[in-house]
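Only one chain is included here, represented as structure tokens and corresponding to the form predicted on its own.
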């Protein structure tokens, strides 16, 4: 019997009102993010060169060259997380951008258009030196644009639109990160001829990026400083993975949502001691929770895997939603298969090739068999009962393979469900749909456990 046909007398009450037990250590990350954006807003006043970029985690190159960087996705995600995205998206709609265009891009472009409108009309009262992040002030205009997108064609178009908006006068550099198709006989995760060739190809482009940065600043690139920055990034990545591995414990001491709010330090924040301090704090709190038998979800009964990009409007909402049914979302493709996922590849004496390899293993950048094989390893490792697929309406790169992922889950005895939402456009999310499908999944998991 489907949940839609249950009578009022037989339908269980959905959710117990419990809230997610969030890690306290992640609050330090919010402080670091605020300080980062404050520095961005002060950039022009301090005479800094500003680079806008989209795509993978290449800020160490900018940090080493003493640049200020604006990550388009991070900006759009912050607008969405603080519920400031609607005006920007409406401005993008008015310009003619379709609602199913990547909502990261649509939000960033819309906010850019709003600021340009104000400047052209002489009504801009925004002070770029004001550090109040909540007011969503004007971003400093780019002196350079860098694109480094794996798997996503929208990313390249996004930067091309930005280039044209600024009159085609801002120098732009594009790094191509090719797909790892995995079709050759020797192909595998981080192995085979294709892997080696692609690693060299991306590393060569990253070296060309250092030349581009030097050319447009008039300063030689500092490779020693790149190695220094990467030493912090590498250690932070190691601590992050160690802390994630601790979540094989039952109950899991942290959830996917704790790892979601921990993305900024390994995605776009400066590579310094703060990153290491952050993940030392996260790991220490997780170890304390394990010692005390404390879980991220009270009375954990179900362990789930989250596939898909995060709905940044609903991070806390979704964390509480799953906790209310005693379900801990322990791991996910977005958090557990990217962001310096293989730090051992980075040779601090010569880090560029190892950096290139970490960019290549973005989980959307693999052919489906290899990617799904890695997902199944994670599901086995964390003793997963079911896979939750967030079908983001404007991120086709992340959703294209989800029917295959769901099929693989069911093949190995795990339940799978879908719900629609989006990364930054809240209008695509329907709470009722998630409720009924999550309820059905919980019932199916219970039935399977009883049968076993």
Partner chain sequence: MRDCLARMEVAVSAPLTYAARLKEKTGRPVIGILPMHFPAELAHAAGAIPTLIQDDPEPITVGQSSVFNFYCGYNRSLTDQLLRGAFDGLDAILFGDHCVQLLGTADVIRAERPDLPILFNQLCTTLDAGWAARETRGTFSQLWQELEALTGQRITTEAARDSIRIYNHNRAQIRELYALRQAGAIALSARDMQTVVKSSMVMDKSEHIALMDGIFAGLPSGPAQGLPIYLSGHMCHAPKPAILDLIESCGAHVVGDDLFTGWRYIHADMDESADPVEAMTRWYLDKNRRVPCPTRATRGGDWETYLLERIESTRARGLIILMVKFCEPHMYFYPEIKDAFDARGVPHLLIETEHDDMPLEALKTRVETFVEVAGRKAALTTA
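Residue numbers count along the first chain shown, from 1. As the structure is a computational prediction, the values presented were derived from the model and not from experiment.
In what follows, reference is made to the form predicted in complex with the partner chain, a form of this protein that is not presented.
Colleague: Using a 4.5 Å heavy atom cut-off, state whether residue 154 contacts the partner chain in the predicted bound form.
Modeller: Close contact exists here: in the predicted bound form, residue 154 approaches the partner chain to within 4.5 Å, heavy atoms only.
Colleague: Quick one: is residue 393 in contact with the partner chain in the predicted bound form, heavy atoms, 4.5 Å cut-off?
Modeller: Residue 393: contacts the partner chain in the predicted bound form.
Colleague: Look up in the predicted bound form whether residue 331 has a non-hydrogen atom within 4.5 angstroms of the partner chain, and give yes or no.
Modeller: Residue 331: no contact with the partner chain in the predicted bound form.
Colleague: Hey, in the predicted bound form, is residue 367 touching the partner chain, heavy atoms inside 4.5 Å?
Modeller: Residue-level check for residue 367: yes, a contact with the partner chain.
Colleague: Please state whether all three residues 96, 100 and 205 have a non-hydrogen atom within 4.5 angstroms of the partner chain in the predicted bound form.
Modeller: Yes, each of 96, 100 and 205 comes within 4.5 Å of the partner chain in the predicted bound form.
Colleague: Looking at heavy atoms inside 4.5 Å, which stretch does the partner chain contact in the predicted bound form, given the options 38-46, 401-409, 24-32, 64-72?
Modeller: After filtering at 4.5 Å, what remains is 401-409.
Colleague: Within 4.5 Å, heavy atoms only, which of 325, 81, 290, 179 is in contact with the partner chain in the predicted bound form?
Modeller: When the partner chain is considered in the predicted bound form, the option within 4.5 Å is 179.
Colleague: Exactly one residue in 161, 116, 337, 141 has a non-hydrogen atom within 4.5 Å of the partner chain in the predicted bound form; which is it?
Modeller: After the contact test, the surviving option is 161.
Colleague: Going through 170-199 from first to last, which residues have a non-hydrogen atom within 4.5 Å of the partner chain in the predicted bound form?
Modeller: Those in contact are 172, 173, 174, 176, 178, 179, 181, 182, 183, 184, 198.
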